[in-house]
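Single chain ahead, by itself, as structure tokens, in the form predicted on its own.
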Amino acid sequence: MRWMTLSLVLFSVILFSLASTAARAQGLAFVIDSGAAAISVVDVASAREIRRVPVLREPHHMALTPDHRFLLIGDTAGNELIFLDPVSGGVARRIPMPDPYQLQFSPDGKTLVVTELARNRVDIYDAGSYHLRFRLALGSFPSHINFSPDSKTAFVTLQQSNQLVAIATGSGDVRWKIDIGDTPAGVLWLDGRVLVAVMGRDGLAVVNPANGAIERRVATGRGAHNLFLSPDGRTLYVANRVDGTIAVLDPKTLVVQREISLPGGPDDLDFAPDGKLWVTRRFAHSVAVLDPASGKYEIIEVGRSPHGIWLNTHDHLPRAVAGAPAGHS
């Protein structure tokens, strides 16, 4: 009897391992359905939703842990941080956390910054213990996050205050705060400058990280919401949510090379190994699988108001500095 029990346990472990390997080989996309209180799990090979993971109320964004063991989902209205297995999508753990809207790990993996959009706070946690180190009230609607390459500074947009703030991660001190334009959103460190998508200014602001000086502006389209650097570093994409376009820029010159029409409120995106872009369409309750070369795309129906998206089809590293961080919004 004991031998049979051990055999069954071993058999179960082997089956789980094979299932996990198959899921990795096939690939899954995780799509956060903010209006449906769920995460859609999409099979990449067949481009169809295969199941949904329920959450409490209103998830928006995600981040892969530095050790790649968990995909963290912030349920902002549910005041909960959810730990998913990034291979299978199973829920491994849940911990209480106030209003986790956007979340991002620093490049050195030691710090987790979380914005509390509804409570107007920015929280800085120890990434290993999830112990709160600093809590800052800086302005209205803190939203998107990015870091300097040395992890010493976090840059956060304040959407209703129309500002960008630079925070010292080691002390919680504010290095500088600037007025940047109506409704700033996505932020990205690129080649020694900080780029900010400013929805009300229909393009990017290029900011000096040392002092917050705005050096130039780049028009990309109405409602410029978020920006993403391709894995090879050769292309910068800007999602213009109001225009329903993806602007394609040269990351060195920031010259707009062309626009790709994608109606439905393009928002977040991630990069598939075949070169296609998986883009959430906030207003159309779907994901577009876009070929950036031809501009053609296929549609996958998911839940209401899809926001963050992440693919497990390759060995994902956090791209907070090199490009778009996992699950950008």
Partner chain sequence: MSDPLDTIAGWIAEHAAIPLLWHLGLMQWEDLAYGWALFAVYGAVQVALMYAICLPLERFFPIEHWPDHRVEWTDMFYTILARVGILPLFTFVLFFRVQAAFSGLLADHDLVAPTLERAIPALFGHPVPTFILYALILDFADYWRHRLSHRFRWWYALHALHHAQRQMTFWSDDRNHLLDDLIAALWFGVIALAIGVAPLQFPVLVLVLRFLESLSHANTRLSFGWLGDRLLISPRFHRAHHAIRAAGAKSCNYGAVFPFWDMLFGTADFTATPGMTGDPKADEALASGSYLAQQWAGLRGFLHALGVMEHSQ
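Not measured: the values here are computed from a predicted model. Positions refer to the first chain, counted from 1.
The form predicted together with its partner chain is left out here; the points below concern that form.
The partner is absent here, but in the model of the complex a heavy atom of M199, alone among M199, L249, V218, L195, sits within 4.5 Å of its partner chain. Site annotation in the model of the complex: the residue of R175, R133, K152, R94 reaching within 4.5 Å of its partner chain with a heavy atom is R94. The candidate spot formed by A77, R119 and F141 is fully in contact with its partner chain in the model of the complex: every one of the three has a heavy atom within 4.5 Å. Screening 231-239, 166-174, 96-104, 186-194 for residues having heavy atoms within 4.5 Å of its partner chain in the model of the complex returns a single hit, 96-104.
Remark: H60 counts among the residues lining its partner chain in the model of the complex, judged by a heavy atom distance of 4.5 Å or less. Proximity of V55 to its partner chain in the model of the complex: non-hydrogen atoms within 4.5 Å are present.
Although the partner is absent here, N226 sits far enough away that none of its heavy atoms falls within 4.5 Å of its partner chain in the model of the complex.
Taking the partner from elsewhere, G275 is found to have every heavy atom lying beyond 4.5 Å of its partner chain in the model of the complex.
Of the residues in 271-306, those that come within 4.5 Å of its partner chain in the model of the complex through at least one heavy atom are, in sequence order, R282, F283, H285, E301, R304, S305.
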